[in-house]
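Presented below, as structure tokens, is a lone chain in the form predicted on its own.
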């Protein structure tokens, strides 16, 4: 008798979401209507303990819910509103009313203002821990099958989808499996899905800083010789700092005293945001552009950082992933109405077609910024400065980019 014959039959589920971080949790919430309408069975497999549902400051191991904050475009806020989640998220969301783009040592600067488009905000900044808490509160209300903490130790294509063997001893046979694990698990490699990787040889140093003047909802993107520096507005006079370093150089600043760190930040950024007075705990994250060569197969979809990990320079990573979540749910809904199985390649190719232009455009834009501002050449530097000045004067161009930054124009 074969060993598999001695095991109990696997549990049949319609959808298995591998990863319960921000992307996987958003997908679970977005599936709620289909779960109700079509009586879908959905399982979520998450390797890390779940975040606390009562204390957003408590970090419980899920990498999505770490000390970082996410810049949520206006379009993403509208998606969360459609899911009934925005009212809760907005409790700790800080509006971005203006995006200020400049280059250190150059006079040119560009400003994208929400008021120019008759909007109250370009987007919002939300602590990841709070966003995770809101998402998981909603998930707790849904009839989901949770396997947490548990890892997918093996994944095999079968006639009806994929067979998942979990570390908790369970086996699931899913009609549709969604990889939303950020690429940490190695499951893409087990399935033979290759990724194109461009190592930027950079590290993002992320922390919070207090500034001497009210930030007035301004987000800053400041390009320097060392790399981009982003400041995102938070509550009070606190701002999230994302400081890009060449690989290895961040170690020196991680080891600095708070006073020396703030002094070096002031020198690198300048005085546009006021004086930097206080700094929080510092974290470092290596930066690469990673794009999966396949995002759909029969019975399989790849979402979030598992599909595309971007440089944070344009703040588009999670917004792009959330649009992927909503497009997948829309494709599944249409497929079900037409009688297609959830894992139908026809349905998943429809999803891929919805995503292709948006995904490729955002990747080119984010990568292009790094290439453009990462090249030191005297004439090119002057051209960049002139371009920023001209950008301020060109209303239609500025408004078009602003709408794209807000995620309301695809």
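Just so we're clear, the structure is a prediction, and the values are computed from it rather than from any experiment. Positions refer to the first chain, counted from 1.
The discussion below concerns the form predicted in complex with a small molecule, not included here.
- Only one of 327-335, 145-153, 294-302, 87-95 lies within 4.5 Å of the small molecule in the model of the complex by heavy atoms, and it is 145-153.
- The small molecule in the model of the complex comes within 4.5 Å of no heavy atom belonging to residue 174.
- Heavy atoms of residue 354 never reach within 4.5 Å of the small molecule in the model of the complex, leaving it off the interface.
- The small molecule in the model of the complex is not approached by residue 164, whose heavy atoms all lie more than 4.5 angstroms from it.
- Residue contact with the small molecule in the model of the complex: residue 45 places a heavy atom within 4.5 Å of it.
- Annotated contacts: 222, 228 and 367 are all free of the small molecule in the model of the complex [non-hydrogen atom within 4.5 angstroms].
- A single residue from the set 206, 218, 234, 265 has any heavy atom within 4.5 angstroms of the small molecule in the model of the complex; that residue is 206.
- Taking 187, 239, 135, 122 one by one, only a single residue has any non-hydrogen atom within 4.5 Å of the small molecule in the model of the complex, and it is 187.
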